[in-house]
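First, one chain by itself: the form predicted on its own, in structure tokens.
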């Protein structure tokens, strides 16, 4: 999904909907639009609130958001980070591969890229004759702001 324009993304989305015998609706389009426009991590509830703020007259329910997010994730148009019982946060899958630092206190997500980590993973896979098809690296801890509040250094 790298380097897609919004128009190309919508065309791809329409193809996926057609393939799954689903209708293209304004509600589904707005979900994808908000994910693309803000290019950040959203919970379904945060996404719902953002849509309600920007499109107050749009009739959309949280169930539509969940169903659309599931479809988009299955189609690899978005990715998610799981927070266990707290649910998932979703992001559009148009950026180059990156990994995440996740604050366990406030939920802040910091994206980073590290060539050394990527190269080391390839070396390990080669050592074990393993073909990597995808991977996700999530480092959990406490962000700078939360550490200040707790007086951690």
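Positions refer to the first chain, counted from 1. The structure displayed is predicted, hence computed values, not measured ones.
From this point on, the text means the form predicted together with the DNA, which you will not see here.
Chemist: Any chance 63, 66 and 70 all have a heavy atom within 4.5 Å of the DNA in the predicted complex?
Modeler: Contact check passed for all of 63, 66 and 70.
Chemist: Can you check 23-31, 91-99, 121-129, 106-114 and let me know which stretch has heavy atoms within 4.5 Å of the DNA in the predicted complex?
Modeler: Going through the listed ranges, the match is 23-31.
Chemist: Could you list which residues of 105-143 come within 4.5 Å of the DNA in the predicted complex, counting heavy atoms only?
Modeler: Result: empty, none.
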